[in-house]
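This document starts with one chain, in the form predicted alone, laid out as structure tokens.
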């Protein structure tokens, strides 16, 4: 089975077929290897065994800006990146190892790294996998991805590379045991969709570790915070609490690297959290969580409300039970009289 069988069209979700496409148009004798969707509307080039699922036409402005930046800075990126850690007296290797450890990797896991950059974390993740494990590393920037490919050229682990957009992951549902991303989320054009995609392609019980820059609230009005946010506007980004998927369980948030980077780690569950919304709540009010939410009636005059509470108290029923009986009986009488 080819590794290309693992991919799906990021837009239609259909299986992809391997084929060839003329490189220079009609009459050309040169062909590109491609993956194409079932309806053949979507085609993706394979360049040096790396599928490219991104075209500039598909990207929104912030993604295009990020792509241009990383394409321009790829060759010097690793030269300046360590300055972030040294600014805060942090040990880069130790921090990266701690983040990777949050994945709780098993030797046979299938892992996706989104935005792998130059492969500094990719290398650490691969070291924890066994011969039966698989690591998929993707980035929006072909130049950055090529640096990861070079870094891991001598690795004996199963590592598969792709140029892809985190908001449109080219994989089937429930495909990965864990997903990792650190350091680029702020620039993603559609963060809600990214989290939904992460939830979609991760198995129930799978691990997610994801983080980026953000000055915490308690430091934003300090001299420390103002100086850093002035120097690096990315520190102004807010933590995307509201975009976490409904499937996120046991969510842990921590601040690292001088308290100006956040990291979420959580487990993927099935659907929304489980709760018994229908048990009868004891007490005067009664009802259930569900009936209290869905069973509200239009407001009544204050004197009528007082009379209702007096009658309910005399009946010995909860207000929910009393109202249910009264409204049901009145409605039945009204409907019977209509006939």
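Numbering follows the first chain given and starts at 1. Predicted model only: the values in this text are computed from it and were never measured.
The form predicted together with a small molecule exists for this protein as well; it is not shown, and the discussion that follows is about that form.
- Just one listed stretch, out of 175-183, 102-110, 195-203, 237-245, contacts the small molecule in the predicted complex at the 4.5 Å heavy atom level, and that stretch is 175-183.
- Shown alone here, residue 255 lies farther than 4.5 Å from the small molecule in the predicted complex, counting heavy atoms only.
- Using a 4.5 angstroms threshold between heavy atoms, residue 140 counts as touching the small molecule in the predicted complex.
- Though the partner is left out of this view, residue 66 does reach within 4.5 Å of the small molecule in the predicted complex, counting heavy atoms only.
- At a distance threshold of 4.5 angstroms between non-hydrogen atoms, residue 121 is in contact with the small molecule in the predicted complex.
- The contact residue chosen from 188, 171, 262, 161 relative to the small molecule in the predicted complex is 188, the criterion being a non-hydrogen atom within 4.5 angstroms.
- Residue-level contacts in the predicted complex: of 129, 209, 144, 228, one residue has a heavy atom within 4.5 Å of the small molecule, and it is 144.
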